[in-house]
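One chain comes next, on its own, written as C-alpha coordinates: the form predicted on its own.
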(Lines give C-alpha, C1' and ligand atoms only; values in the text may rest on other atoms or scores of the structure.)
Protein backbone atom coordinates (compact mmCIF):
# COMPACT_ATOMS: atom_id res chain seq x y z
CA UNK A 1 0.00 0.00 0.00
CA UNK A 2 1.38 3.46 -0.87
CA UNK A 3 1.80 6.18 1.74
CA UNK A 4 -0.97 8.24 0.12
CA UNK A 5 -3.38 5.37 0.70
CA UNK A 6 -2.68 4.99 4.40
CA UNK A 7 -5.26 6.12 6.93
CA UNK A 8 -4.08 8.76 9.37
CA UNK A 9 -3.88 6.16 12.12
CA UNK A 10 -1.88 3.66 10.05
CA UNK A 11 0.55 6.30 8.85
CA UNK A 12 1.12 7.77 12.32
CA UNK A 13 1.61 4.34 13.87
CA UNK A 14 4.19 3.31 11.27
CA UNK A 15 6.14 6.54 11.63
CA UNK A 16 6.04 6.31 15.41
CA UNK A 17 7.14 2.68 15.34
CA UNK A 18 10.13 3.55 13.17
CA UNK A 19 11.15 6.55 15.26
CA UNK A 20 10.71 4.75 18.56
CA UNK A 21 13.28 2.20 17.54
CA UNK A 22 15.82 4.64 18.95
CA UNK A 23 16.34 4.13 22.70
CA UNK A 24 16.46 7.84 23.51
CA UNK A 25 13.07 8.44 21.91
CA UNK A 26 11.60 5.43 23.68
CA UNK A 27 12.70 6.98 26.98
CA UNK A 28 11.10 10.28 26.01
CA UNK A 29 7.86 8.49 25.15
CA UNK A 30 7.81 6.80 28.57
CA UNK A 31 8.30 10.18 30.24
CA UNK A 32 5.52 11.70 28.13
CA UNK A 33 3.17 8.87 29.08
CA UNK A 34 3.88 9.40 32.76
CA UNK A 35 3.25 13.12 32.42
CA UNK A 36 -0.02 12.50 30.58
CA UNK A 37 -1.35 10.43 33.44
CA UNK A 38 -1.11 13.39 35.81
CA UNK A 39 -1.82 16.22 33.36
CA UNK A 40 -4.49 18.70 34.52
CA UNK A 41 -7.58 19.31 32.41
CA UNK A 42 -7.04 21.99 29.75
CA UNK A 43 -9.86 24.46 29.43
CA UNK A 44 -10.66 27.83 27.87
CA UNK A 45 -12.95 30.28 29.63
CA UNK A 46 -15.70 31.97 27.64
CA UNK A 47 -16.48 35.66 28.31
CA UNK A 48 -19.09 35.86 31.05
CA UNK A 49 -19.35 32.10 30.89
CA UNK A 50 -17.93 28.77 31.98
CA UNK A 51 -14.59 27.14 31.29
CA UNK A 52 -14.98 24.70 28.40
CA UNK A 53 -12.66 21.96 27.13
CA UNK A 54 -9.83 23.22 24.93
CA UNK A 55 -10.48 20.19 22.75
CA UNK A 56 -13.99 19.32 21.63
CA UNK A 57 -15.58 17.27 18.87
CA UNK A 58 -16.86 18.51 15.53
CA UNK A 59 -19.91 16.73 14.07
CA UNK A 60 -20.14 18.06 10.51
CA UNK A 61 -20.24 14.68 8.75
CA UNK A 62 -21.77 12.57 11.50
CA UNK A 63 -25.11 10.88 10.98
CA UNK A 64 -24.65 10.87 7.21
CA UNK A 65 -23.45 7.36 6.46
CA UNK A 66 -19.67 7.73 6.59
CA UNK A 67 -19.61 5.18 9.41
CA UNK A 68 -22.31 3.11 11.10
CA UNK A 69 -24.34 5.27 13.45
CA UNK A 70 -23.45 3.07 16.43
CA UNK A 71 -19.73 3.58 15.74
CA UNK A 72 -20.11 7.36 15.52
CA UNK A 73 -22.13 7.46 18.73
CA UNK A 74 -19.47 5.39 20.48
CA UNK A 75 -16.79 7.75 19.15
CA UNK A 76 -18.59 10.72 20.69
CA UNK A 77 -19.06 8.92 24.00
CA UNK A 78 -15.38 7.97 24.01
CA UNK A 79 -14.39 11.60 23.50
CA UNK A 80 -16.68 12.76 26.29
CA UNK A 81 -15.13 10.22 28.66
CA UNK A 82 -11.67 11.58 27.73
CA UNK A 83 -12.55 15.21 28.41
CA UNK A 84 -13.71 16.23 24.91
CA UNK A 85 -17.19 17.09 26.10
CA UNK A 86 -17.80 20.09 23.82
CA UNK A 87 -19.86 18.90 20.84
CA UNK A 88 -20.28 21.18 17.82
CA UNK A 89 -23.07 20.66 15.28
CA UNK A 90 -25.49 22.67 13.15
CA UNK A 91 -29.05 22.44 11.93
CA UNK A 92 -27.80 22.25 8.35
CA UNK A 93 -25.30 19.41 8.86
CA UNK A 94 -26.89 16.64 6.84
CA UNK A 95 -30.19 18.56 6.94
CA UNK A 96 -30.44 17.91 10.67
CA UNK A 97 -29.11 14.35 10.70
CA UNK A 98 -26.04 15.34 12.72
CA UNK A 99 -28.26 16.79 15.44
CA UNK A 100 -30.49 13.73 15.37
CA UNK A 101 -27.50 11.42 15.90
CA UNK A 102 -26.30 13.59 18.78
CA UNK A 103 -29.66 13.22 20.48
CA UNK A 104 -28.79 9.58 21.28
CA UNK A 105 -25.52 10.67 22.89
CA UNK A 106 -27.13 13.48 24.87
CA UNK A 107 -29.81 11.25 26.35
CA UNK A 108 -29.05 10.70 30.01
CA UNK A 109 -25.76 12.61 29.78
CA UNK A 110 -26.81 16.17 28.97
CA UNK A 111 -25.24 17.92 31.95
CA UNK A 112 -21.76 16.63 31.08
CA UNK A 113 -21.88 18.07 27.57
CA UNK A 114 -21.29 21.61 26.32
CA UNK A 115 -23.54 21.68 23.26
CA UNK A 116 -23.00 24.03 20.32
CA UNK A 117 -25.26 24.45 17.29
CA UNK A 118 -25.74 27.07 14.58
CA UNK A 119 -28.30 29.07 12.64
CA UNK A 120 -27.85 29.92 8.95
CA UNK A 121 -27.78 33.39 7.49
CA UNK A 122 -30.87 32.76 5.37
CA UNK A 123 -32.90 31.94 8.50
CA UNK A 124 -32.49 35.20 10.39
CA UNK A 125 -35.39 37.30 9.11
CA UNK A 126 -38.52 37.76 11.22
CA UNK A 127 -38.71 35.12 13.91
CA UNK A 128 -36.46 32.81 11.89
CA UNK A 129 -33.74 32.50 14.51
CA UNK A 130 -36.24 31.44 17.17
CA UNK A 131 -37.81 28.90 14.80
CA UNK A 132 -34.42 27.50 13.76
CA UNK A 133 -33.39 27.16 17.38
CA UNK A 134 -36.64 25.38 18.25
CA UNK A 135 -36.09 22.95 15.38
CA UNK A 136 -32.54 22.22 16.53
CA UNK A 137 -33.67 21.66 20.11
CA UNK A 138 -36.34 19.25 18.90
CA UNK A 139 -33.87 17.23 16.82
CA UNK A 140 -31.36 17.19 19.66
CA UNK A 141 -33.94 16.21 22.26
CA UNK A 142 -32.89 18.91 24.71
CA UNK A 143 -34.43 22.13 26.00
CA UNK A 144 -31.35 24.36 25.76
CA UNK A 145 -28.11 24.96 23.88
CA UNK A 146 -24.96 25.99 25.70
CA UNK A 147 -23.84 28.05 22.70
CA UNK A 148 -25.66 29.14 19.54
CA UNK A 149 -23.69 30.54 16.61
CA UNK A 150 -24.51 32.51 13.48
CA UNK A 151 -22.90 30.15 10.96
CA UNK A 152 -21.87 32.70 8.32
CA UNK A 153 -21.78 36.49 8.26
CA UNK A 154 -24.74 38.52 7.08
CA UNK A 155 -24.69 42.22 6.13
CA UNK A 156 -23.60 44.36 9.05
CA UNK A 157 -26.91 46.23 8.91
CA UNK A 158 -28.58 43.03 10.16
CA UNK A 159 -26.29 42.49 13.14
CA UNK A 160 -28.53 44.37 15.59
CA UNK A 161 -31.51 42.17 14.75
CA UNK A 162 -29.48 38.99 15.03
CA UNK A 163 -28.09 39.98 18.42
CA UNK A 164 -31.55 40.98 19.68
CA UNK A 165 -32.91 37.57 18.65
CA UNK A 166 -30.03 35.79 20.36
CA UNK A 167 -30.59 37.82 23.51
CA UNK A 168 -34.28 36.91 23.50
CA UNK A 169 -33.36 33.23 23.31
CA UNK A 170 -30.88 33.71 26.13
CA UNK A 171 -33.49 35.46 28.29
CA UNK A 172 -35.88 32.58 27.61
CA UNK A 173 -33.11 30.14 28.64
CA UNK A 174 -33.20 28.41 25.27
CA UNK A 175 -29.51 29.23 24.89
CA UNK A 176 -26.89 30.06 27.49
CA UNK A 177 -24.56 32.02 25.21
CA UNK A 178 -24.19 33.02 21.58
CA UNK A 179 -21.43 33.72 19.13
CA UNK A 180 -20.53 33.93 15.46
CA UNK A 181 -18.61 31.98 12.85
CA UNK A 182 -16.40 32.98 9.90
CA UNK A 183 -16.38 36.67 10.86
CA UNK A 184 -13.52 38.96 9.81
CA UNK A 185 -11.98 41.62 12.04
CA UNK A 186 -14.01 44.38 10.41
CA UNK A 187 -17.20 42.38 10.94
CA UNK A 188 -16.27 41.79 14.58
CA UNK A 189 -15.74 45.55 15.00
CA UNK A 190 -19.17 46.20 13.53
CA UNK A 191 -20.72 43.54 15.77
CA UNK A 192 -19.40 45.19 18.92
CA UNK A 193 -21.01 48.48 17.90
CA UNK A 194 -24.59 47.14 18.16
CA UNK A 195 -26.46 46.84 21.48
CA UNK A 196 -25.33 43.75 23.41
CA UNK A 197 -22.83 42.90 20.67
CA UNK A 198 -20.16 42.66 23.37
CA UNK A 199 -21.86 39.49 24.63
CA UNK A 200 -20.44 37.50 21.70
CA UNK A 201 -18.71 34.49 23.28
CA UNK A 202 -16.55 33.27 20.39
CA UNK A 203 -15.79 33.40 16.68
CA UNK A 204 -15.53 29.97 15.05
CA UNK A 205 -13.07 30.01 12.15
CA UNK A 206 -10.69 27.62 10.35
CA UNK A 207 -7.26 27.38 11.98
CA UNK A 208 -4.55 24.77 11.60
CA UNK A 209 -0.84 24.44 10.94
CA UNK A 210 -1.44 24.80 7.21
CA UNK A 211 -4.05 27.55 7.55
CA UNK A 212 -2.63 30.25 9.82
CA UNK A 213 -4.29 33.28 8.24
CA UNK A 214 -6.05 34.38 11.43
CA UNK A 215 -2.66 34.98 13.07
CA UNK A 216 -2.30 38.15 10.99
CA UNK A 217 -5.25 39.98 12.48
CA UNK A 218 -8.22 38.03 13.86
CA UNK A 219 -6.36 36.03 16.51
CA UNK A 220 -4.66 39.14 17.99
CA UNK A 221 -8.02 40.96 17.86
CA UNK A 222 -9.72 38.18 19.81
CA UNK A 223 -6.90 38.09 22.35
CA UNK A 224 -7.19 41.85 22.83
CA UNK A 225 -10.93 41.51 23.43
CA UNK A 226 -10.56 38.46 25.70
CA UNK A 227 -12.61 36.35 23.31
CA UNK A 228 -11.52 32.79 22.55
CA UNK A 229 -11.40 31.47 19.01
CA UNK A 230 -13.04 28.15 18.17
CA UNK A 231 -10.99 26.42 15.48
CA UNK A 232 -12.69 24.17 12.96
CA UNK A 233 -10.69 21.97 10.55
CA UNK A 234 -7.77 22.03 13.04
CA UNK A 235 -6.08 19.16 11.17
CA UNK A 236 -6.26 21.02 7.87
CA UNK A 237 -9.61 19.84 6.53
CA UNK A 238 -10.61 16.74 4.58
CA UNK A 239 -8.59 17.53 1.44
CA UNK A 240 -5.53 19.08 3.07
CA UNK A 241 -4.74 17.05 6.19
CA UNK A 242 -1.41 17.79 7.88
CA UNK A 243 -1.06 14.42 9.59
CA UNK A 244 1.33 12.90 7.04
CA UNK A 245 4.00 15.52 7.70
CA UNK A 246 7.35 14.05 8.79
CA UNK A 247 8.01 16.72 11.43
CA UNK A 248 4.68 16.00 13.12
CA UNK A 249 5.39 12.27 13.09
CA UNK A 250 8.83 12.76 14.66
CA UNK A 251 7.47 15.01 17.41
CA UNK A 252 4.63 12.59 17.98
CA UNK A 253 7.12 9.74 18.39
CA UNK A 254 8.96 11.72 21.06
CA UNK A 255 5.71 12.25 22.95
CA UNK A 256 4.34 8.77 22.37
CA UNK A 257 1.33 10.08 20.44
CA UNK A 258 0.08 10.46 16.88
CA UNK A 259 0.87 13.24 14.43
CA UNK A 260 -2.77 14.32 14.76
CA UNK A 261 -2.35 14.82 18.51
CA UNK A 262 0.71 17.01 17.93
CA UNK A 263 -1.14 19.12 15.36
CA UNK A 264 -4.03 19.61 17.78
CA UNK A 265 -1.69 20.39 20.67
CA UNK A 266 -0.20 23.12 18.48
CA UNK A 267 -3.64 24.64 17.78
CA UNK A 268 -4.57 24.85 21.48
CA UNK A 269 -1.07 25.77 22.68
CA UNK A 270 -1.84 29.38 23.60
CA UNK A 271 -4.78 28.76 25.94
CA UNK A 272 -7.24 30.93 23.99
CA UNK A 273 -8.21 28.56 21.17
CA UNK A 274 -10.73 25.70 21.31
CA UNK A 275 -10.17 23.02 18.66
CA UNK A 276 -13.04 20.89 17.36
CA UNK A 277 -11.62 18.04 15.25
CA UNK A 278 -14.05 15.53 13.79
CA UNK A 279 -13.45 11.80 14.22
CA UNK A 280 -15.91 9.14 13.25
CA UNK A 281 -14.34 6.27 15.18
CA UNK A 282 -13.30 5.69 18.81
CA UNK A 283 -9.72 4.99 17.68
CA UNK A 284 -9.33 8.40 16.06
CA UNK A 285 -10.95 10.10 19.05
CA UNK A 286 -8.41 8.49 21.38
CA UNK A 287 -5.60 9.75 19.15
CA UNK A 288 -7.02 13.27 19.22
CA UNK A 289 -7.60 13.27 22.99
CA UNK A 290 -3.89 12.71 23.59
CA UNK A 291 -3.37 16.35 22.56
CA UNK A 292 -4.73 17.43 25.94
CA UNK A 293 -1.61 16.08 27.62
CA UNK A 294 1.01 17.14 25.04
CA UNK A 295 3.12 20.16 25.98
CA UNK A 296 5.22 21.17 22.99
CA UNK A 297 8.73 22.44 23.75
CA UNK A 298 10.08 25.73 22.34
CA UNK A 299 12.33 23.70 20.05
CA UNK A 300 9.38 21.67 18.76
CA UNK A 301 7.38 24.84 18.15
CA UNK A 302 10.29 26.23 16.13
CA UNK A 303 10.44 23.04 14.08
CA UNK A 304 6.72 23.30 13.33
CA UNK A 305 7.07 26.96 12.36
CA UNK A 306 9.77 25.93 9.89
CA UNK A 307 7.67 23.10 8.50
CA UNK A 308 4.50 25.23 8.31
CA UNK A 309 5.48 28.88 7.84
CA UNK A 310 2.87 31.44 8.87
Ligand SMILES: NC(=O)c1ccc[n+]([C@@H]2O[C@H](COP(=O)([O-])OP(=O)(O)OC[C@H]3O[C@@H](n4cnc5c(N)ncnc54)[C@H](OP(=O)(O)O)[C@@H]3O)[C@@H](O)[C@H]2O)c1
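Numbering follows the first chain given and starts at 1. Small disclaimer: the values here were computed from a predicted structure and weren't measured.
The next section is about a form of this same protein that is not shown, the form predicted together with the named molecule.
The named molecule in the predicted bound form: contacting segment from 86-94, 162-170, 106-114, 220-228, heavy atom within 4.5 Å: So the stretch in question is 86-94.
Site test, 181, 284 and 287 vs the named molecule in the predicted bound form, non-hydrogen atom cutoff 4.5 Å: Yes: each residue has a heavy atom within 4.5 Å of the partner.
Residue 232, heavy atom within 4.5 angstroms of the named molecule in the predicted bound form: Yes - in the predicted bound form, heavy atoms of residue 232 and the named molecule come within 4.5 Å of each other.
is_contact(residue 246, the named molecule) in the predicted bound form, heavy atom dist at most 4.5 Å: Judged by the heavy-atom cut-off of 4.5 Å, residue 246 is well away from the named molecule in the predicted bound form.
Contact label in the predicted bound form: residue 238 to the named molecule, heavy atom within 4.5 Å: It does: once the named molecule is placed as it appears in the predicted bound form, residue 238 has a heavy atom within 4.5 Å of it.
4.5 Å heavy atom contact, residue 176 to the named molecule in the predicted bound form: No, residue 176 stays farther than 4.5 Å from the named molecule in the predicted bound form.
Proximity to the named molecule in the predicted bound form, single hit among 63, 256, 53, 277 (heavy atom within 4.5 Å): The residue from 63, 256, 53, 277 that makes the contact is 277.
Of 251, 44, 260, 267, the one that lies within 4.5 Å of the named molecule in the predicted bound form (heavy atoms): Comparing distances to the named molecule in the predicted bound form, the residue within 4.5 Å is 260.
Sequence-ordered list of residues in 135-152 near the named molecule in the predicted bound form, where near means a heavy atom within 4.5 Å: Residues within 4.5 Å: 151, 152.
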